[in-house]
Ligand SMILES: Cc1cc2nc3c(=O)[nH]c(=O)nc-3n(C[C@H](O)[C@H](O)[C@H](O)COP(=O)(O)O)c2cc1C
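A lone chain, given as structure tokens: the form predicted alone.
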Amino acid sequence: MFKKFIDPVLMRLDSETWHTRAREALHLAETTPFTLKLLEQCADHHRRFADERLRVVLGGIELDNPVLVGAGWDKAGRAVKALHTLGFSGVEVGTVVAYAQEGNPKPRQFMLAPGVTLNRLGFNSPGMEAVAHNLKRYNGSGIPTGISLGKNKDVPAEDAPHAHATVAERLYDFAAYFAINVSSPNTPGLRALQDKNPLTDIVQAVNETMDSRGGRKPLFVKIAPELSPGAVDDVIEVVLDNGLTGIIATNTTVSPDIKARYGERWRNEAGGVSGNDPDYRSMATGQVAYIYRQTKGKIDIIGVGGVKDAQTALEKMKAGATVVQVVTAMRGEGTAVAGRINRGIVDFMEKEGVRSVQELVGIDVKQ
């Protein structure tokens, strides 16, 4: 029904406007138990799908299934419980920066095709204080909430460690894990912070902040799909040398050829492509497999990039991802996407005689 009746209407609306309204509708659904129950009717088979075989541990965090909401969907932390009700095991909020900023000029988010988005939002964020205020309402909920850390656009590269650590300090009490986002293509100069030396400075500053707050929480680095093998090796070295939990692979792609697939006008358009593009999905999965192979499975990998159904989720997991994240597929597949993915994974496990979803991680790379 979603693809036949709703998606064609949404394709004619401004993508960012639709997204904001959808998030706020979910926020309103959280206000009472009755509206949350109504929201559950929008999940797969009108209920939150659960199965013990889907349980997985990510950096010591127990998740009831391997499907998370990725950073970028709820930047303000306003719909965590609603997203959990729809079947996701947790939500990564952000990217969050220290001080409120508007991001890049509008329009800045475009649907290139059903399920495929180009965005150049540029870390639009209400700032860490507003996010802290929003996340207080989920205290005691037990919903695992990650925090994607970023820096304000006007913060120079040399001050990036302090900027990331500042957000981590403020949101420490709300975070199940942190992710360092230095791979967005929409803030000038940001991707240069993926290089070994500046990245080391950032992760050490965040680690020191967590130490001062009572202990380290799982910490990930999010990388770009275009990183060369040598550059990925440098990130892996930083992760291992500094005791990080793992890597999130990957952010959006700036490939001109992928953009041009949806019309030559998009080839040199600023921004990153995400969603149901086969080449983008392949790039992201290739990075997952490379990291898993290089580390021999010693770190946790969060796979993101083109995950829209059980098949694409299993592709990431069998390449080495402990869990997967969904962002654009919420727009392309509808509110039942998490349940459909989890139900499909269980169907696959039953067919193949797999007892736990964790047995699937990396099996294509091990062979």
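The shown structure was predicted, so the numbers you read here are calculated from the model rather than taken from an experiment. Throughout, we count residues from 1 along the sequence that is shown.
Keep in mind that the form predicted together with the ligand is not shown, yet the notes after this line are about it.
May I ask you to choose, among Ser89, Asn119, Gln287, Thr166, the residue with a heavy atom within 4.5 Å of the ligand in the model of the complex?
Selected option: Asn119.
Exactly one residue in Leu26, Val326, Leu54, Met317 has a non-hydrogen atom within 4.5 Å of the ligand in the model of the complex; which is it?
Only one listed residue qualifies here, and that residue is Val326.
Does any part of Ala71 reach within 4.5 Å of the ligand in the model of the complex? Heavy atoms only, please.
Yes, Ala71 sits close enough to the ligand in the model of the complex that at least one of its heavy atoms falls within 4.5 Å.
Gly305 versus the ligand, in the model of the complex: is there a non-hydrogen atom within 4.5 Å?
Contact check for Gly305: yes, within 4.5 Å of the ligand in the model of the complex.
Contact test in the model of the complex: Gly94 vs the ligand, heavy atoms, 4.5 Å:
Yes, Gly94 is a contact residue.
With the partner left out of view, is Gln109 within 4.5 angstroms of the ligand in the model of the complex by any non-hydrogen atom?
Close contact exists here: in the model of the complex, Gln109 approaches the ligand to within 4.5 Å, heavy atoms only.
Just one of 119-127, 238-246, 208-216, 293-301 has residues with a heavy atom within 4.5 Å of the ligand in the model of the complex, so point it out.
Every other range fails; the passing one is 119-127.
Within 4.5 Å of the ligand in the model of the complex, all of Lys222, Gly275 and Tyr280 (non-hydrogen atom):
Contact check passed for all of Lys222, Gly275 and Tyr280.
Residues of stretch 141-162 in contact with the ligand in the model of the complex (4.5 Å, non-hydrogen atom):
If the 4.5 Å heavy-atom criterion is applied to the ligand in the model of the complex, 141-162 yields only Ser148.
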